[in-house]
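Quick heads-up: the structure tokens below are two forms of one chain, split into structure 1 and structure 2.
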Structure 1
């Protein structure tokens, strides 16, 4: 696919050159939060665990001051220019890019896992048309657990672990952490209950690489089905001749994408696959650390991503651009917004203090799509976005480190591909499954249940008063 879309590759390579020209220092000169961890760690922690060090990871790294995003040592620009989502998923999961045979076998496994007919049939029995896309996607993921694993079968019984009593894990955490190599209380086994002989062979384990492959493929199929059902159409079977990205466009829109559209969707999936210890990744890992299963852990990630402080900003960007409506009105709108100290959607990032590398890639892709197949409305919105970007960078870029983030152009890209606004956050989840499951698999190798503590700020010594004597 990459060889047929060289113009897209060229756009990405040019974006990389532009990014490197603006940041002249080498990555080795400034690389905070890298290297092996020697536990226990001293760090400054803010509310919401901000700044806390929870684990080590070799999967992804964000250098916000330089605008760099690294997957397993590879620059995101290079992966977008030359790789595919299938290849990147393998890289995140297994640590290295696949050989030819490994890539062929992995792609074949994803192809096999793309069909989840029982899940789709069951999902159609729910009022999906009345649900938001993320709620339906989370429901579908839970239903896929029933189709794919034996853990909900009547014959299944978990193994008898030397498990702890409810919340007993909190006892050692009321003292200062000492950085033990293993948890004071932990399960000695990490594989879950054994598969009963009476269960059909088609059912697989709830943890491990098998459910990981099924989730990467199956969640994409569910997303396509959710959109079709929401607008009164029947879900489509995956097309074995299309890539993961191509199938995603096909199952959502009902039309086979062009090679260019397939390639651009592929790039967007790569860009969203992983991004450090964000809220949805952390939620997924917390659930998995209890030795729950992969399906419920991913469902937690979807639930976290549903929150407006995490997902959905690209839809808000389009809403904002429609509100401005015209590039000629951008300056007045911008000045008024700055005066009222309101947030400009799609600008700024908690991590990046340089131009988000994902936005570097999505900007040229949006321009390409708008010029070649954009409607008059999309062309006007894109022109408005470019004018707003120019104004914001001039005012906020160098002084405050506020630049476009991944959400600023992704909505325009998705719109040009025919994706409804309601599905934008669902596409984020479809991509991020690869990162979520990769980090879970890595963490479970040396699992320790997450157990932060709170500082008690309440009262002591209160006397109990019977209800009849309490004043209203």
Structure 2
């Protein structure tokens, strides 16, 4: 496997060299967002909470001016060159790279969590084929919560049984607050004084490492099922002989990937696993900070990621390239887009004012795949992307710090792996579950509910006018 995929490792190492050489040419330092934080903290906040510091974290760091991305102290290029998604997930969650034994144990835990049969069975009862893949994925996490925790079952409710003595199945209650003595509230469900045993044994709590592992593994299985249902096929059983990345390609495409394809999918998963306090991570953390639970928190991350300004941009890029369709038309399209002051999808970033290191890796991977196995259409789209990149960097790079971001080349890579455009953002989510859950786990250690203020800019002292007296 390693020798077969050596070319990929070489491409990544070369991308790192190129990135470092370019940063040396234009060193611009940004204010360091490195800790520790001493609360309360002074920061200059722009619209969209730009510059606001939400918390301290040891999980990852984005240096926007140097184009650097660090997971737990490790450079993203090194992790892509040498690591795997399983190992990176462990690193993000537990803070260190796993030892051999820890790696083996963690991988087998993830493997164990791949199968979510009840979730898939329930999902198939919904019109998934008519749903946006991200909406279906989000629904899947809700169903998984039900399958994995039983948290909404009557039997799981913590307060009910202690309030009833063991030999009673009814308690006196008032039907109206008038003090009737004989009103009775009947419990019609099963008799018993405690939660059913299997709820305790088989199902876990909705927060902590158990749901985290389940989600990292299970969301991938749900994504596979969503794609299969969308095209009228039956979901596939996960293949325990494949890695997380290989199994993901298999469950989506129905084809066992080649070692190169598996390796490339693994690299895309590593690249998307975490990225600072982005919108979806923040959404996830806000939900978790209310002491809601991991499944609902991840569901809100999926919702936030779906937007075209965030993870949804990867699908928009492919649509944009199809619209341009030809490298020769790129210039005209670019001029018109700039004139209309429209944004180019896959370009720009709130934090990066340099080339996004993830795009540095994905660009060469796209080129490799296009050269080796691209269809005529994808070759044309790749050539169009390269032309657009040249034009956009020349106009917007120096002046506005706008460069390709992670979403610019990922769609071409996914397309070459046989992934349909509708699933691009779902793949982003499958990977980002590792970052979301790691950050939630870290934040919950010293949880404080997120509760910023809005500045009220409305009026005061208005006199209430009854509806009949209001002017039409």
Ligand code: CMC
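Numbering follows the first chain given and starts at 1. C-alpha atoms forming the largest set that superposes within 1.5 Å between two forms make up the rigid core. For clarity, every value in this text was computed on a predicted model and none was experimentally measured.
Of the two forms shown, structure 1 is the one predicted alone. Put the two forms on the same core and the Cα of residue 397 is off by 2 Å or more between structures 1 and 2. Relative to the superposed core, residue 255 shifts its CA atom by less than 2 Å between structures 1 and 2. Put the two forms on the same core and the Cα of residue 328 is off by 2 Å or more between structures 1 and 2.
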